[in-house]
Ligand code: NAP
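Just the one chain here, laid out as structure tokens, in the form predicted on its own.
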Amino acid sequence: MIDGHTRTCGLIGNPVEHTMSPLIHNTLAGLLSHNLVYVPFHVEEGKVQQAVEGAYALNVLGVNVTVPYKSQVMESLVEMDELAQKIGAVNTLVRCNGGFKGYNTDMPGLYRALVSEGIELEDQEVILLGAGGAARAVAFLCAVHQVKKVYMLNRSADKAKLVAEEVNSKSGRECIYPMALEDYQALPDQKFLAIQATSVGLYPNIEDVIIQDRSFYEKIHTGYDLIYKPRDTSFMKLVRQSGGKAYHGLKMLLYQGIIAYELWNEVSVPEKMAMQVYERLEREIYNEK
């Protein structure tokens, strides 16, 4: 029941109308018996600082940030977590003295999702598809978790080169190797973990795939697509058809939300409870009964 003691958390972005975050956080609040409600806030371009200051003035407990404000919001914070600073993107604001502290829970969320599926990053050799914001963050995650080598394949080799130089420099190790997408045949003849970090194949363009050539997929022992809708992307199907394991990104969505909830409420969400939330997400997104 909402009363005078109810704490508010929310999401700022544009658009926010199709977000799954309220389902994650309001389900967690119910399971943990927390007097908390989570709502989306549509924030117009140019109003981000006002939104952050307003949230603090209104005693909002915590805020998530989605596109297109994950970098822009950093100017309005009083403090920043080291990982968020390196990545250059914030998706979670935690209330502190005088304002909010910024975190990035997307990448720890991906890491927890990978662990949950039994996928290790340490000492792996990885193919990373893409060089946009998501791929850049994944590259940082790989560097932090001591991946041996990351072959970053992108349509624009120059963009991949810029991202690789930045990640290698900030992480203090040479582990990201940029390549033009069409040069995938030059990859070493071995098996890789492949992370698909582009929007290719995202609903409704579910037949699209970044590389068509089936010989490419024979190099993949495990494929992880950051996309979660559709449940089976063309990338995932091709990985499976070539004998590999394949996973979608719904658990990343789940865990980035859980980590934000844990930061706001100073709690630890047990795995059994996380899976209850996951089942609700599946039912909602994939229209399961």
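Numbers follow the displayed sequence, beginning with 1. Quick caveat: nothing in here was measured; it's all calculated off a predicted structure.
Below, we turn to the form predicted in complex with the named molecule, even though it does not appear here.
Contact annotation: of the candidates A131, A84, I195, V150, the single residue with a non-hydrogen atom within 4.5 angstroms of the named molecule in the model of the complex is A131. Exactly one listed residue, out of V90, V167, C142, A135, brings a non-hydrogen atom to within 4.5 Å of the named molecule in the model of the complex: A135. The closest heavy atom approach of S171 to the named molecule in the model of the complex falls outside 4.5 Å. Put simply, Y228 is close to the named molecule in the model of the complex: some heavy atom of it is within 4.5 Å. In the model of the complex, at least one heavy atom of S199 sits within 4.5 Å of the named molecule. Contact check for N104: no non-hydrogen atom falls within 4.5 Å of the named molecule in the model of the complex.
Relative to the named molecule in the model of the complex, residues I210, G249 and M252 are all within 4.5 Å by at least one heavy atom.
Of the candidate stretches 172 to 180, 76 to 84, 119 to 127, 199 to 207, only 199 to 207 has residues whose heavy atoms lie within 4.5 Å of the named molecule in the model of the complex. Of the residues in 154 to 187, those that come within 4.5 Å of the named molecule in the model of the complex through at least one heavy atom are, in sequence order, N154, R155, S156, K159, L181.
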